[in-house]
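Here you get one chain, nothing else, as structure tokens; it is the form predicted on its own.
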Amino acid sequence: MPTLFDPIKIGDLALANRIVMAPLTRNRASGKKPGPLNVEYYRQRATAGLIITEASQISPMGQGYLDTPGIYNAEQIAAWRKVTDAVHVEGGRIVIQLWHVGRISHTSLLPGGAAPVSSTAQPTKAVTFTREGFVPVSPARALRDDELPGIVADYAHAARCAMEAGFDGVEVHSANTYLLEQFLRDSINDRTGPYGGSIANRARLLLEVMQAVTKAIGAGRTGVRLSPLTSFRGSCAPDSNPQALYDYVIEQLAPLGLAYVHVIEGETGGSRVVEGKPPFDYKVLRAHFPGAWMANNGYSRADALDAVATGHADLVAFGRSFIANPDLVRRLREDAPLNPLRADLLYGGDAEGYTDYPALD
């Protein structure tokens, strides 16, 4: 059986090991693009089999948090090129996560003070990070059906920008109750017409995005992130029938030939077993998908070793442990102690709590 430390080929990407750095919003971009501090942060972690960058907005209207980067203009492409070059010099592989937050935003972050957009105008209890700190999100408006082709085009454009910036691929963010999941879930999507109602209609936007992105850059360089059960800090209820919804989604994604599917198991940042919910069978989802399967959410070293050895997953993504341990791959291989995380320094700031965590040596 394979181990966590064995190489693997996923789509067009050859990875040195199966340890993935999960996408982690750190709110340290400058002018909506990465700077020298971000270059060093990713360079330090290049021993990961694959780095998935922090979520990066596909358009100005896609931004939801202060000081997050974009990937839609020439200035951002040039800035990200410094990141990808640094990672590649160290022998690493890196993909960028493509993000539209939908209703999880604030008017102070959007062009001209515009309202956030979503599948719905329903209010949410979610909060976001602005210059005033964490504040409630602004009321959203429901996108018109005739606006959705523009959203799809923005994803494809961002994917092409990512290739110009030297990325090895992209991951489409369809998790954690952001825009694409706002269309997927019947707990949020109250639309009628071609993008609301049935599972097939609610999945339509995600599938159109995935088809457009794979056409733009190739399926072998494209992944997708899903979170079937998360409430994302209590901001949203899961779908009324998540098993049926995500079975359908995976069945429709399978023929595209994606490099991987990245699944957050259970509650994002919480337990992989969501209490009080009907049983959810991730094995059924995986059986529908022929590509690489990436598991995520609070995996320990022992959990990750077991997941790969038993075939539960082909790769395991680590989040907070990669924040505090730039040499996480070595520490996992040697079963060495991990640095403690400084949770008060997760969002915003400078090098402290970002690039100053020590390596073993």
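Quick note: we count residues from 1 along the sequence shown, nothing fancier. Note that the structure is predicted; figures quoted are calculated from it, not measured.
There is another form of the same protein, the form predicted in complex with a small molecule; it is not shown, and what comes next is about it.
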Query - Contact stretch among 71-79, 237-245, 170-178, 281-289 - heavy atom within 4.5 Å of the small molecule in the predicted bound form - result: 170-178
Query raised in the report: Closest heavy atom of Ala55 to the small molecule in the predicted bound form, within 4.5 Å or not?
Result: yes
Query raised in the report: Using 4.5 Å between non-hydrogen atoms, is Arg233 touching the small molecule in the predicted bound form?
Result: yes
Report task. With heavy atoms only and a cut-off of 4.5 Å, decide whether Tyr65 touches the small molecule in the predicted bound form. Result -> yes
Query raised in the report: Is there a heavy atom of Thr25 lying 4.5 Å or less from a heavy atom of the small molecule in the predicted bound form?
Result: yes
